[in-house]
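Only one chain is included here, represented as structure tokens and corresponding to the form predicted on its own.
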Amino acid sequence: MNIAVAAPLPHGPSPHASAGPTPDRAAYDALMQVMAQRSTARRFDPLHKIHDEDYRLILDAARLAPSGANTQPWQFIVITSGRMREAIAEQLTNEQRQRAAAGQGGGGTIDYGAVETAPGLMVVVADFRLSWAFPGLMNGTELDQRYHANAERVILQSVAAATTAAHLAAASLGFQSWWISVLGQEETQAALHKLLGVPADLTITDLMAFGRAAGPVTRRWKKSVADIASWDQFDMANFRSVAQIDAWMADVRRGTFSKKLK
């Protein structure tokens, strides 16, 4: 796959940027090649086998992700049992039905059948207790609570970095993957904790299904560099109103969902 050269940044390069060649451009190009070929699949070829070495390589990339205060607050549970896959898919489907019944469908529904049939499946677990590694007052005051809330955000960002690294590693191995993050309901968390033997002190953040896609994969649109970059101050041209977000939800995001639940 050829990688298109990014358009220049909207206000030109930083005045402090070096005029020389980009160091190790070959490594950058290789990374961009992987990122460009990374794609989401919600249907996988169940006949393709994921080997232990595939898991090891993916987890080796995940463990090298950056984390706040080097807390490395992540754990990954590799799911190989067919019975366990079926039970996880059932929990996700039940949660979705509950959201739909409550009028919180979000514009569509998702078929979680791939959780059962994807050759590779991992559950991502976070330890938010490691937020204690960050500055705080430890006195229960309002200011202390703000410090703690920020520390929890750092932990979540750190786990997301490891999860991203895992998805990119899977892409580099020629797999498509599915980042499954609909795990907000307390009932679903409790059920999955019990099912997987996860201690109550830990939090399940998402699942990663991966393998060879069954059928063509649709490439999703991405914003341009100009759409996401500001220099020195936030560029209000990149700010979206509530009406614009509503339009995006109606016209674009609907296309990311799979078939309706039966």
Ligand SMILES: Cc1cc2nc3c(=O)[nH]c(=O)nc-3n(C[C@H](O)[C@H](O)[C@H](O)COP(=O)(O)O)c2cc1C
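Just count from 1 along the sequence shown to find any residue number. Nothing here was measured: the structure is a model prediction, and the numbers come from that model.
The protein also exists as the form predicted together with this ligand; that form is not presented, and the subsequent description refers to it.
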property: Segment that reaches this ligand in the model of the complex - one of 216 to 224, 23 to 31, 58 to 66, 44 to 52, heavy atoms within 4.5 Å; result: 216 to 224
property: Residue among 110, 191, 89, 165 with a heavy atom within 4.5 Å of this ligand in the model of the complex; result: 110
property: Among the candidates 145, 98, 181, 80, the residue which, in the model of the complex, approaches this ligand to within 4.5 Å (heavy atoms); result: 181
property: Non-hydrogen atom contact residue 39 with this ligand in the model of the complex at 4.5 angstroms; result: yes
property: Sequence-ordered residues of 68 to 91 touching this ligand in the model of the complex, heavy atom within 4.5 Å; result: none
